[in-house]
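What follows is a single chain, given as structure tokens, in the form predicted alone.
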């Protein structure tokens, strides 16, 4: 291939490594979330101990990558580490399980909604950065991430006003399928009656109000986690396998 021909088929992008798969004896398939979409590419020789790319192209790392377009899969020719979130997260198992769940959710959401890629990229980047600091309980980071990722995808919940008539709250009932709280007049069958503190906690998660999140007790966290998981599954219409391995405090 001529130099000009190579240049026309190569491109540079930031990316977050979502997952990797072994390929052959020494290669890996890397799934990258970039600001422009999901890219699947082959990283040749990265499983060899002499590879300089092996430690860079690991899950949860943010990298600057040079890729060459391929017929079926692109090829990673270079990669530089931007943020080593993976190294920090693998050392803390609860955070590691949460990170696995977040990248799986990001991939599933973007399979159905590619228009919001840049916003989803920024959200996941921020969530991994926060998670790696070990300053916020991992389960809270996950639940906040899920609510905000679903909001970006067009499924923003409401925990302050009735989702049916818009009447300002606070309201005592919540309906997962409708997407939030409902007033006494609009309350359908199947509505939940979570503790008022739980509803306040859900709103804090949605806003990323970490001071308020830190004040929540175990009952509110548990109730909220169940509501968020059900809300996610309702919209994805399938289970997120990684959620089964998340450790809750």
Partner chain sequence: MYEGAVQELIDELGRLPGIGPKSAQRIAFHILDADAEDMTRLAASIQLVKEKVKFCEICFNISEQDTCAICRDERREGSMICIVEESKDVLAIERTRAFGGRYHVLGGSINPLAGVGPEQLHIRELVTRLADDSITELILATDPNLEGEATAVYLVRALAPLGIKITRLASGLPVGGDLEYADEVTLARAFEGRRVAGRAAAPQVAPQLPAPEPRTEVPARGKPEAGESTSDHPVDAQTQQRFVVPEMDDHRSATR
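Positions refer to the first chain, counted from 1. What you see is a predicted model; the values in this text were computed from it and never measured.
Heads up, the form predicted together with its partner chain isn't pictured, but that's what we're talking about next.
Visitor: Three residues, 177, 193 and 200; all within 4.5 Å of its partner chain in the model of the complex via heavy atoms?
Guide: Checking in the model of the complex: none of 177, 193 and 200 is within 4.5 Å of its partner chain.
Visitor: From the candidate stretches 109 to 117, 160 to 168, 67 to 75, 88 to 96, select the single one in contact with its partner chain in the model of the complex, where contact means a heavy atom within 4.5 Å.
Guide: Correct option: 88 to 96.
Visitor: Please check if residue 58 has a heavy atom lying within 4.5 Å of any heavy atom of its partner chain in the model of the complex.
Guide: Residue 58 belongs to the contact set for its partner chain.
Visitor: Would residue 206 show up as a contact with its partner chain in the model of the complex if we use heavy atoms at 4.5 Å?
Guide: Close contact exists here: in the model of the complex, residue 206 approaches its partner chain to within 4.5 Å, heavy atoms only.
Visitor: Against its partner chain in the model of the complex, would residue 241 count as a contact residue? Criterion: heavy atoms within 4.5 Å.
Guide: Judged by the heavy-atom cut-off of 4.5 Å, residue 241 is in contact with its partner chain in the model of the complex.
Visitor: Counting only non-hydrogen atoms and a 4.5 angstroms cut-off, does residue 18 reach its partner chain in the model of the complex?
Guide: Flag for residue 18 set to yes.
Visitor: For 139 to 172: residues with a non-hydrogen atom within 4.5 angstroms of its partner chain in the model of the complex?
Guide: 141, 144, 145, 148, 151, in sequence order.
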